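Given as structure tokens, the chain that follows is alone and in the form predicted alone.
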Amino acid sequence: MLRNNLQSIIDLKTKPPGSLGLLEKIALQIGLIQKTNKPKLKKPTIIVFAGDHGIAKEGVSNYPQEVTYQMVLNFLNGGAAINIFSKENRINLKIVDAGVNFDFKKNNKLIISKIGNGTNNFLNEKAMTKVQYELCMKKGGDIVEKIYNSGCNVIGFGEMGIGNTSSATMIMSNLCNIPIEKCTGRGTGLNKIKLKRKIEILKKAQAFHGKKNDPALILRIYGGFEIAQMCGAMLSAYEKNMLILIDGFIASSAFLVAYKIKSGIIGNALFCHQSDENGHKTLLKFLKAEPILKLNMRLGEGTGCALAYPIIKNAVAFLNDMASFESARVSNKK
């Protein structure tokens, strides 16, 4: 009944039906999530989870592991792309140390949620223990609960972690049953030789652990602390019926695990952009998700969420404020 009512309101705005394209679908989805024809977006917030990865020691990235903590410091100093885009679009920004190999000084801009100084190397052991996995899920959920209690109902997810495209690749390959070659991308800009080596390393890891299909186990074997906390945070946001904004390849891999645990979460999610990372287009297709933007980006940090938010905001605005044919006294089609 609500769906039909919302669709009728959208169709009777002063425009040809469907002429606002994806905006109409976004408006309908948000109305259904909030169970109203007058939805509101309150205190939009993006969380950037940061963590280090043992697999980075294998040279799967162009950048050294120290870049993770250096970029976190950049976030705290307001100098990163996500800082600029969040500020420009009036989005609250939260930075989380989920497991960075660095001891940060106390900073009221940083949420300390550290599980350890980076994960184990999944080439020859599980990235994290069961206890660490469970702690990640709880801590991610607790962070979202606090944000929700502040009055927020729309939350975006980004990440930072050298080596985390390798984790995302392994999660996707196992849960989607897609060969590693089709999931692996250049990450921080690997050349052909380095990309080939990255694929070889990831194949060795899969041969060592064997193919799995249990989402929690796959996250334990291959995930980063930041990916696991993001997954727990997403599930918490779904339980609170928040609008969930998904960034690029890494955030989508965390979402994939959450989706495999609770499939209903897909109804609360908006996929903000299609990353230029090789596997992301295929992953979105697997999830039957339509990205809002395609800007050839592959930065992460939640930048896609920040850039897509004005479009989401305008979708809600047209639903709430645009005149209908009747109210504007405009003749409808015959």
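Just count from 1 along the sequence shown to find any residue number. These numbers come from a predicted model, not from an experiment.
The same protein also exists as the form predicted together with another copy of the chain; that form is not shown, yet it is the one meant from here on.
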| query | finding |
| --- | --- |
| Complete contact of 148, 178 and 265 with another copy of the chain in the model of the complex (any heavy atom, 4.5 Å) | no |
| Contact label in the model of the complex: residue 197 to another copy of the chain, heavy atom within 4.5 Å | no |
| Residue 81, heavy atom within 4.5 angstroms of another copy of the chain in the model of the complex | yes |
| Residue 270 within 4.5 Å of another copy of the chain in the model of the complex, heavy atoms | no |
| Contact label in the model of the complex: residue 23 to another copy of the chain, heavy atom within 4.5 Å | yes |
| Region of this chain that lies against another copy of the chain in the model of the complex, out of 304 to 312, 279 to 287, 27 to 35, 44 to 52 [heavy atom, 4.5 Å] | 304 to 312 |
| Residues within 4.5 Å of another copy of the chain in the model of the complex, restricted to 227 to 248 and counted by heavy atom | none |
